[in-house]
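Encoded as structure tokens, the following chain is the form predicted on its own, with no partner shown.
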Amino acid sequence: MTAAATLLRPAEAFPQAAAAPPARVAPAATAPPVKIFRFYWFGLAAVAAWALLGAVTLLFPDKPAGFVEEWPYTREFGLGALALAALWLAATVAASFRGLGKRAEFVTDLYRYSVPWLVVLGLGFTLWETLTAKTGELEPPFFAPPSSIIDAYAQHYALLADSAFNSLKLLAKGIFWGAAAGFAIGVAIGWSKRANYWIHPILRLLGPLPPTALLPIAFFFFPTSHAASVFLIALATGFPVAILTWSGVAGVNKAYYDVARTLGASEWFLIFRVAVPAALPQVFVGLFMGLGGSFVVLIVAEMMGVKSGLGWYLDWAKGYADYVNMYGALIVMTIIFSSLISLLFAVRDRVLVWQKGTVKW
């Protein structure tokens, strides 16, 4: 070290050591979101539609139609429509605010998205009420006002609940056996050339045949109508599951098998750890198609021979010309069947995470 260096002060000789540590800046406090109010005028259309429904229902008298002097639950239906109009008004005011938080924003965005449908439903119910109960343009027993559906549920809720439970139980049995058999057959013919040789021609001949065409034969050969219905539902479910499972297994990239064999994989490992997971997207498509077909077979089979179920309920109501109860049963069927398909898609998105959202419902 030179003499000049020794004469330097420590701060000058080693400037990096003398540098003061940088001051730690306190994070700026996040300002709360600013609430902005801009009135959501389009929401008033939903309020007006349901207020109109309540006013028409309560202020105009029912027109006597045959043995019906006044439809039941008219007052309750009108008050319910006015209550919903008040709810839509509160939702419209809430949707006029911005900066209420993520949860509130989610609810108000959902309301904004639903407003056009709320307007259409309110006006549709108003037209329905006007053409049936108020003017009699659509005469009973084939047509009835929407308030009469409430009466159908009030009188036959126990029978409807029992019919829905029995239909779900019958449907679950048929779908389980059909999906299990279809999956096993699809894997077999997709993996084994010998199974493909023997089973594929049978599928090509019997698969396109509507299961409802086999109703007389099924009811003759099976000991009970319940067992025959389970078989027909399983047939409607199993065919699309088998075909699409076969397609999925046969379409697996051969390189996957070569890599697994190189690592010492057995035959069973190749089937259940390579072929089946790769075919799962096709399997779920087959389940979706089979589920839709099973609904048709369920209702037809219950109309033909089952002693309890939604199909039986429809046939029973038709025998008494009770169309109001038929409409009530159709609404229940719509909710149940749509919920089952939504459940299937939820399971699919959970199992096939990498394909979530690729198929919409």
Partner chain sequence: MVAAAIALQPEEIPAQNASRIQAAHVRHGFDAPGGERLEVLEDVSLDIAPGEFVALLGPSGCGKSTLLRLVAGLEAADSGALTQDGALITRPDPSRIVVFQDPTLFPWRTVWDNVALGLEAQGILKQGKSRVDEALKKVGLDGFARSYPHQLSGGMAQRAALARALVNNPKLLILDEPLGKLDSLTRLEMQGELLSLWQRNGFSVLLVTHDIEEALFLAQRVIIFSPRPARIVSEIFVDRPYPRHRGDAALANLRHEVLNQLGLGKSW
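In this text, all values refer to a predicted model and were calculated from it rather than measured experimentally. Positions refer to the first chain, counted from 1.
Another form, the form predicted in complex with the partner chain, is not on view; read the next lines as being about it.
Proximity of Pro210 to the partner chain in the predicted bound form falls outside the 4.5 Å heavy atom cutoff. Put simply, Gly264 is close to the partner chain in the predicted bound form: some heavy atom of it is within 4.5 Å. Using a 4.5 angstroms limit between non-hydrogen atoms, Ile202 is distant from the partner chain in the predicted bound form. Although the partner is absent here, Tyr256 sits close enough that one of its heavy atoms falls within 4.5 Å of the partner chain in the predicted bound form. Comparing 82-90, 268-276, 214-222, 176-184 against the partner chain in the predicted bound form, the single stretch with non-hydrogen atoms within 4.5 angstroms of it is 268-276.
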